[in-house]
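Single chain ahead, written as structure tokens, the form predicted on its own.
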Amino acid sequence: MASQQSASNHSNRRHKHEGRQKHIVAFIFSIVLSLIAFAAVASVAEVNATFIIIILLVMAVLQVIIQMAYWMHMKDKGHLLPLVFMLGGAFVALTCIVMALYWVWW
């Protein structure tokens, strides 16, 4: 009896598989973002450099979100602690970069 309850509890807690379609869509979206970034860099002669930098930063942020959500499964339940540590690390790194720039320029 106890083994049947244990088996049924294990099957209820099993990770739900997303399926191939979401991974293919995420992969195609990543490829499209990469192609947009390459096209922006290739058009450096025709377009303002500041605009290209902004486009590249936006593409990088979108790539990070796609990578974390679909390939690292950060959108699933139970991944809050790694996400908190990654955001904390990003905050510390960004603070160090800002302070280094502040120290160099002023």
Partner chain sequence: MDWLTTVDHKKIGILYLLAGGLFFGIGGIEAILIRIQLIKPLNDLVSEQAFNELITMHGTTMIFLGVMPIIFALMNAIVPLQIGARDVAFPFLNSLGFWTFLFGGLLLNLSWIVGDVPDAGWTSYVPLADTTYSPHHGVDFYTIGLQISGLGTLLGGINFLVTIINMRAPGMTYMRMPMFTWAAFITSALILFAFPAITVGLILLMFDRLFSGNFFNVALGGNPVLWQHIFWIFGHPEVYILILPAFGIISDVLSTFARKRLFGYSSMVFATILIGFLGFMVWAHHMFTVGLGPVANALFSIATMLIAVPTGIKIFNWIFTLWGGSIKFTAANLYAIGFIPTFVMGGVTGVMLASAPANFQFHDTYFVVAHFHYVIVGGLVLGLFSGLHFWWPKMFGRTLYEGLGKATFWMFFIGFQLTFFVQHFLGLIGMPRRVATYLPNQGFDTMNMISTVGAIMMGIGTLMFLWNIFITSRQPKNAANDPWEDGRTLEWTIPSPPPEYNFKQTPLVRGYDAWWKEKMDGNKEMTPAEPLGSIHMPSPTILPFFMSVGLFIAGFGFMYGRDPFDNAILGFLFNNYIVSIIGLGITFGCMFLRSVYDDPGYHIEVEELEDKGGRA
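Just so you know, these numbers come straight off a predicted model, no measurement behind them. Only the largest set of C-alpha atoms that superpose within 1.5 Å between the two forms is called the rigid core. Residue numbers count along the first chain shown, from 1.
The following text describes the form predicted together with its partner chain, which does not appear among the structures shown.
Chemist: So which residues in 71-96, when you check its partner chain in the model of the complex, have a heavy atom no farther than 4.5 Å from it?
Modeler: Counting only heavy atoms within 4.5 Å of its partner chain in the model of the complex, the contacting residues of 71-96 are 81, 85, 88, 89, 91, 92, 95, 96.
Chemist: Determine, after fitting the two forms on their core, whether residue 84 shows a C-alpha shift of 2 Å or more between the shown form and the other one.
Modeler: No, residue 84 moves less than 2 Å.
Chemist: Superpose the two forms on their rigid core, then report whether the C-alpha of residue 96 is displaced by 2 angstroms or more between the shown form and the other one.
Modeler: Yes, the C-alpha position differs by at least 2 Å between the shown form and the other one.
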